[in-house]
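One chain is shown next in structure tokens, namely the form predicted alone.
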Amino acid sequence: MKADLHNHSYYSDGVLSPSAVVGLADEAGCDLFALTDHDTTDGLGEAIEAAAELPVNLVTGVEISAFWRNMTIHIVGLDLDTECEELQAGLRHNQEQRAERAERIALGLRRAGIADAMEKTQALSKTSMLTRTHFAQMLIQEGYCKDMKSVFRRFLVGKKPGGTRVEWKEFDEVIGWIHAAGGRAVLAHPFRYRMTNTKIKKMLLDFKEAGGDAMEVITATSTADEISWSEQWASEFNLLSSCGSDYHGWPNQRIRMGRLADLPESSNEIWKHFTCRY
């Protein structure tokens, strides 16, 4: 089974349309694919139509921002009923938070001497959603920074000009939204949160105790050590194993869809527990 269960379209902070992203999944030879835009399921209708014409199997998904111990983490929901009102109400809350954050980021950048930050960033988005990735790409295109890492370090975190706090919901509430929609809650890219291994394990324990179902054992940037640790922790905390490239499609991001290491043989793959069996 070749699966890639974490990807984005221009309905959040990706570049391509949902149908184009599904087409890439097919070209990459994916048997199983999920579109998991940030805090919205709006692109899934188009993705479902595109997948119906191709051999790739589409899993409904979303990536939701949440708080764990006052830190932002991302939880991927997979195999969802997108019509679930509890889920959609939660996503609307996050969308409102994102809109307010975009205004604050633009104001901070203007005060730092970057004119028309909102207008220039909106020009990069094909929907109303503006994310920090959009602002970062704008700053790169305008020549303020050379890459995403330097943008975040100089502009978009902490007390930097575009740094701003967002009031996400607590992680256990977000898990509840996903379960209300009949889905599986997956802790996304656990090594991206700049935590020690000890703290990651605490996060995984809390996630499991709150009803979380799975963790991403494989991402596009996973090292051999990270895969080994993830395999051990998935077993230790009785979590299912998921995998996803976190593809966005920006030219300065080198991630390619479907180019993932295989899940370890001992893994309890999440797709074995979806409503539809693959």
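One-based numbering along the sequence shown. Not measured: the values here are computed from a predicted model.
What comes next is about the form predicted together with a small molecule, which is not displayed.
Q: Among 213 to 221, 244 to 252, 45 to 53, 226 to 234, which stretch sits within 4.5 Å of the small molecule in the predicted bound form, heavy atoms only?
A: Among the candidates, contact is made by 244 to 252.
Q: Using a 4.5 Å cut on heavy atoms, which of Lys159, Lys149, Arg111, Arg165 is close to the small molecule in the predicted bound form?
A: Looking at the other structure, the residue within range turns out to be Lys149.
Q: Whether His179 contacts the small molecule in the predicted bound form should be assessed with a 4.5 Å heavy atom distance threshold; does it?
A: No - in the predicted bound form, heavy atoms of His179 and the small molecule never come within 4.5 Å of each other.
Q: Within 4.5 Å, heavy atoms only: does Thr133 come near the small molecule in the predicted bound form?
A: Because a heavy atom of Thr133 falls inside 4.5 Å of the small molecule in the predicted bound form, the answer is yes.
Q: Does any part of Lys120 reach within 4.5 Å of the small molecule in the predicted bound form? Heavy atoms only, please.
A: Taking the distances in the predicted bound form, the answer for Lys120 is no, it never comes within 4.5 Å of the small molecule.
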